[in-house]
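First, one chain by itself in structure tokens, the form predicted alone.
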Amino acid sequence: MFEAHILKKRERFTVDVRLCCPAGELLVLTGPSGSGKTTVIRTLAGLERPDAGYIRYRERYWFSTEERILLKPRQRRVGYVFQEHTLFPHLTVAKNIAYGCRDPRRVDELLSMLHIRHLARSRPHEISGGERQRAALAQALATDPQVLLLDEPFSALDGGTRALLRAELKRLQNRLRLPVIMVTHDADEARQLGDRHIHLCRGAATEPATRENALPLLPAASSLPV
């Protein structure tokens, strides 16, 4: 189980979010621009420091104001896929994946898993946007993460490519059995992929603006499992 309570003061509001995501499930964060979604996911990764709260994977705290714990990003075993890929432009796809790989033997496995073995010797500028995002996902998984974080990874892609990668992500989710937390603006994407849903407005969980076909909100903070 991956759990967190994030408190982070922004200029116009305070982000105050509780979340939990069991292994094998995907939690979707939705909401308008500037609602605090990226703040939440960046604090989980250790790229921003919360003002208070906790972040815990199983029994290990990554951050806790009460316990005075703050692990650095590299200590958290997080795979992070951004909206724009973070591949090194001068390296081939295979070398990008190998860069953060704990076990070099996994490079071939990940190339096969993401269906990009034929691109192993290509550089990022030589492949399509969808292929780059597959490579970026393989790069994130190469670190053998305990939690996978996705910050609008498909938003810059065309509709057909997005649909293919959504299906690919669902397949990987079932295979890898990791807690996955994903930020998206796309309601269809949230409905298709999410097992759990938090809709944010000004840093707080609210009812989605459109209730039709909306995923249920997480239980109130007091009823979240510990």
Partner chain sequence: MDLTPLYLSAKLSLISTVILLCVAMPLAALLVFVRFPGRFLADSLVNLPLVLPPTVLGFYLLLIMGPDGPVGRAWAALSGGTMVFTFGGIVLAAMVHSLPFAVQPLKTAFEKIDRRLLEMADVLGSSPVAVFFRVILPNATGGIAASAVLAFAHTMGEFGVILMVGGSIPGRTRVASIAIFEYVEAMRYREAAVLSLILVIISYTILLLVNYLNRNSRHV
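Source: prediction; values computed, not measured. Numbering follows the first chain given and starts at 1.
Below: the form predicted in complex with the partner chain, not depicted.
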property	result
Segment that reaches the partner chain in the predicted bound form - one of 110-118, 67-75, 127-135, 152-160, heavy atoms within 4.5 Å	67-75
4.5 Å heavy atom contact with the partner chain in the predicted bound form for all of Arg18, Pro22 and Arg60	no
Heavy atom of His85 within 4.5 Å of the partner chain in the predicted bound form	yes
Pro104 within 4.5 Å of the partner chain in the predicted bound form, heavy atoms	no
is_contact(Gln146, the partner chain) in the predicted bound form, heavy atom dist at most 4.5 Å	no
Proximity of Arg166 to the partner chain in the predicted bound form, heavy atoms at 4.5 Å	no
Contact set, 46-61 vs the partner chain in the predicted bound form - heavy atom within 4.5 angstroms	Leu47
